[in-house]
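What follows is a single chain, given as structure tokens, in the form predicted alone.
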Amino acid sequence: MEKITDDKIRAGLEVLKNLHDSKLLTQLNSCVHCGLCAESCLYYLTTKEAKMIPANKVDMVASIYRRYFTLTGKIAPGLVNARELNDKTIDELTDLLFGSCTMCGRCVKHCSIGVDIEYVIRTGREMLASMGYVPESLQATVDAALESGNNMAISDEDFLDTLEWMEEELQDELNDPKAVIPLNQHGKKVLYTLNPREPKFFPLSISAMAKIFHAAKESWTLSTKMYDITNYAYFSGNPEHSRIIAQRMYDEMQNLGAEKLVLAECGHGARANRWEGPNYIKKAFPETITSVELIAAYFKEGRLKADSNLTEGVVTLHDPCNLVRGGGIVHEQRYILKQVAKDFVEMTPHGTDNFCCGGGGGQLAMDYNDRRMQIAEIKAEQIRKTGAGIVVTPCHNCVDQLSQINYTYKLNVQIKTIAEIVADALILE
């Protein structure tokens, strides 16, 4: 990591100084150090290290604020635990804010006075980003999206080849040449998006959603120009990069004249587009919903029918943090699973209190793999206790992490998205 300079310090302090309201100051001064957040955090529960307690991560950011923006901190920093912004502090901050937090928000739910700890972590990451201290592998993911249009730098040729292959598979399965994956079609009702993990690693998810659209007789299209739902700049802490990526999605909606933006199964992608996107670009997005909400609506409207007998074994659900705690989508996925599975059991805890899988906050894009899989044991035990043979989650980031958990902790389960389990149980006329 490059040594800190006066210019870097100034850039970092500008982030704390130039916030447009008093929210950060309120959060930094509100913590009463009750410790309730400790028992909510995967990192503290796994390591039992005091530095992993979310309140202590908040205090790391607060200590810098006190040092440079309060009179006591400037005159007698030792009295108020005010920290210099130096190389040692930067190393600790990077390890705690990037390497020891999935930004799952569970600590916020358990905070006795409602401190928005996740917001403070994001602000701390923004400060580090302004100084050039984003972990290299996470920044590379953002750079790939900025340069190529998707975070895995998938070429247009490879993307089109994958879609052509999936369309052929879909037509063979349904014995229907009208079952297509439409591309770049103007004036459709739905513009659908993808997580680049789908064309790269999980192409069957694409054909599963295409099968659902075909069964529901939906008017839809994919864009080959801007299909990436993800926005890893939300995790890296760079607001300008976040804005560029969000603006591209908005522009493609306008370009294709679609009525509705439907967000693929990606927790942070749903949050970054639906809730954060309008803030990034300073204008309202067109109508935006998740595919989970859309599929639930299809069932309620009678546009989809399923045979739950086609789903064999016990099914459980992993709730993605950004979709559930951060987006309020709790009941739709449960309604869907009751249509397609005879034996659905909940994890303990579940819903808005569910534990993160360990892959959020950009962890899958950073080099903290040993720690990431260590904290994942909590999720492994949650799954094991359900006795389920199928774990469903409406997030491809979670699918990737759960797949690694499945292998590491020898759970011997199937990992599926909502679209995949629905497609397997559909009754087609």
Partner chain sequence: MHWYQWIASGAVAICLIVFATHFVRLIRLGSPKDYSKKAGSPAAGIVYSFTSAMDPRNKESAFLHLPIYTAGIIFHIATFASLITFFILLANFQPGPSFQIAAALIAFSGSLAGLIILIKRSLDKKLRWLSNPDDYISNLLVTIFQLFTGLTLLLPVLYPAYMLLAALLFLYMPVGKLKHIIYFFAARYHLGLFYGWRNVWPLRKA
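Positions refer to the first chain, counted from 1. Predicted, not measured: the structure shown is a model, and the values here were computed from it.
Just so it is clear, the following notes concern the form predicted together with the partner chain, a form of the same protein that is not shown.
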So in the model of the complex, does any heavy atom of Gly351 sit within 4.5 Å of the partner chain? yes
is_contact(Arg67, the partner chain) in the model of the complex, heavy atom dist at most 4.5 Å: no
Using a 4.5 angstroms cut-off on non-hydrogen atoms, would Ala55 count as touching the partner chain in the model of the complex? yes
Could you tell me if Ser112 has a non-hydrogen atom within 4.5 Å of the partner chain in the model of the complex? yes
Heavy atoms within 4.5 Å of the partner chain in the model of the complex: which stretch in 219-227, 351-359, 169-177, 183-191 meets that? 351-359
Heavy atom distance at most 4.5 Å to the partner chain in the model of the complex, all of Lys23, Glu39 and Lys283: yes
Exactly one of Trp275, Trp165, Phe201, Tyr335 comes within 4.5 Å of the partner chain in the model of the complex through a heavy atom, and that residue is Trp275
Who in 23-37 is close to the partner chain in the model of the complex, meaning a heavy atom within 4.5 Å? Lys23, Leu25, Thr26, Gln27, Asn29, Ser30, Val32, His33, Cys34, Gly35, Leu36
